Every structure is written in C-alpha cells, then in structure tokens.
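Starting off, we have a lone chain in the form predicted on its own, written out as structure tokens.
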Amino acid sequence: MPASSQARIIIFTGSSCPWCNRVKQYLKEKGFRFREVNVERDRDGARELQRRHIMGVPVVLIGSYPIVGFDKAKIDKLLGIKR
C-alpha cells in the first residue's frame, strides 16, 4: 500500500521499550508514516489503551485494528506488505 493512501497508523510506545523502537524502525524502512503516542507522557494515550483493556506496549493501531506487540505477520497483512 503506498504511503499516500495508507491507513492511519498510531503506535503506542513506552520510553524504554526495545520492541517499540523495532516496530517504528520497521515501519520507517517500509516507507510508512505513523503517529507515536508515548503512554508515559500522554495520559490520553494511556487511557485509550486502558479503555481497550491493553496493558502493554507496543500497540500498533492500524485504522481501528490494534496489534499488541511487534507482530510482523499481522502488520504486513494489514498494510499489504509483501515478504
């Protein structure tokens, strides 16, 4: 999926989360833009995860579909990334 017509991507992260850095790097390498929400600094972001009953990071929100953790296969499928 070209970056210009991509789904909205939000990544919920934590400051000391190595998997958060890996998922951000992966999406950058694939040419996708995203918005990062650090739940340690953003109370609304933290509340959004609590509302969804998600307690860990990273969470990649693609459109309205949350992916908990760096699940490359799910990310690839939702974004149409060919392996």
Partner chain sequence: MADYDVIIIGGGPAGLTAGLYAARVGLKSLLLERGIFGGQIVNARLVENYPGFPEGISGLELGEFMRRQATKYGLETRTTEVTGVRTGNAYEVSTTEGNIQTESIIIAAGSEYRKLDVAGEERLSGRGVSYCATCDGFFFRDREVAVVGGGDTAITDALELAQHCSKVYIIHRRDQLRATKALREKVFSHPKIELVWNTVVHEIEGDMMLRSLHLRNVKTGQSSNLEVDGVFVAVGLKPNSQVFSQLVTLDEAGFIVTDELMRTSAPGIFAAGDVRHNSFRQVITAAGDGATATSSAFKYLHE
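Numbering follows the first chain given and starts at 1. Just so it is clear, the structure is predicted and the values come from calculations on it, not from any experiment.
One more form of this protein exists, namely the form predicted together with the partner chain; it is left out here, but the text below deals with it.
- Not one of 11, 33 and 43 is positioned with any heavy atom within 4.5 Å of the partner chain in the predicted complex.
- Shown alone here, residue 62 lies farther than 4.5 Å from the partner chain in the predicted complex, counting heavy atoms only.
- Though the partner is left out of this view, residue 75 does not reach within 4.5 Å of the partner chain in the predicted complex, counting heavy atoms only.
- Annotation for 9-32: interface residues with the partner chain in the predicted complex are 14, 16, 17, 18, 19, 21, 22, 25, 26, 29 [heavy atom within 4.5 Å].
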